[in-house]
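We begin with a single chain expressed as structure tokens, specifically the form predicted alone.
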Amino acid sequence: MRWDIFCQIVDNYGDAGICWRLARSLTSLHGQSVRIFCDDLPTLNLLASGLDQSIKQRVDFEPWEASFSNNRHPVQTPDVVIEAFGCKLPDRYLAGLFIAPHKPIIINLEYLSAEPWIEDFHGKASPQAHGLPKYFFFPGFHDNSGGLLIDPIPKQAETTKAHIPPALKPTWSQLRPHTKRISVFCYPSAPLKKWLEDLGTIGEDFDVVLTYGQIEQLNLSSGNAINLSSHIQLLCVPFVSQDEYDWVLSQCDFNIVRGEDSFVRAQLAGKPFIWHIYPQDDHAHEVKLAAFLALYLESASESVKTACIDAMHWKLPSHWITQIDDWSSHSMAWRTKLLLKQGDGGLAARLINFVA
């Protein structure tokens, strides 16, 4: 089938990252034909500039305007149109669908949530005045949800020089042997400086890998390495592709992530993590976080539950770091459970089955 995915980048990289991961899954794993129309192609191209360009070449990357420009439209009518995260389809693109020989299905791809209520709304019709069939599709952790984007399934990559992505070699060459590694990708509202200062009081060495832009959030002097104490080394990595970021998550002992795509990838890496969920004025993010933790910690020991909840709410690491080994074991068990529950292929496969 032909799929058109519409993506407007709202929060830096996350929305584009999910659209790209979905497109690569549909093409590489399921043989579908996919176009992405994006309002920020440079960012999308950076995220998709991963380790295997043959995968990227299967997806047609188009600027947003190409969906309705006179010299590009109408192109062959799609079978499925995806409005990623409720973005509004261009009026001229919709007009082309009205006169098309066959009418596509429109999917409103929603944000991921572990909240139980999404099962009641997932897959439900959303009648439109224009008459084109439209449906809600909710990614989620439950069996009766849209599932998770699990492609590619991460491997625990080796740390030999031959396996280090070229863009990361300058940073990785500075890592200290036998030192715990923490990756950091969070919003500016996180109390990161205080968190790192406390980490330095624990008496153990940590190499902290800061993703692109994090050093500016700390308001420290720029540079490749900054020591807060003799135990902490800060290292900055450049803007990297999704594949390279997935590799970073697999190589660290603990990950701080934000948004949706890195949230799922941290779980699939099988490592303990903090999900810095996007803060909302109405505190809806607190409900969303609590719903996830109820699932994530369902079979965890009481000590791991306490440590994880404290960490997720930015309690200083000295309060919970002693539970990191048990939390690591729990993270691997959770990863195994996730992959079993997504054994049908996850979000991409469930989308195809739903459309069929």
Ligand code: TRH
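Each residue number is its position in the shown sequence, starting from 1. Treat the numbers as computed from the prediction; the structure is a model and nothing was measured.
Absent from the display: the form predicted in complex with this ligand. The rest refers to it.
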query: Pick from 198 to 206, 254 to 262, 136 to 144, 97 to 105: which stretch has a heavy atom within 4.5 Å of this ligand in the predicted bound form?
result: 254 to 262
- request: Would you mind picking the one in G86, P238, G131, P191 that has a heavy atom within 4.5 Å of this ligand in the predicted bound form?
  value: P238
field: S250, heavy atom within 4.5 angstroms of this ligand in the predicted bound form
entry: no
task: Indicate whether this ligand has at least one heavy atom within 4.5 Å of a heavy atom of G346 in the predicted bound form.
output: no
- prompt: Does at least one non-hydrogen atom of A307 fall within 4.5 angstroms of this ligand in the predicted bound form?
  reply: no
This ligand contact in the predicted bound form: Y245, any heavy atom under 4.5 Å: yes
message: Using a 4.5 Å cut-off on any heavy atom, which residues of 174 to 191 would contact this ligand in the predicted bound form?
response: F185, Y187
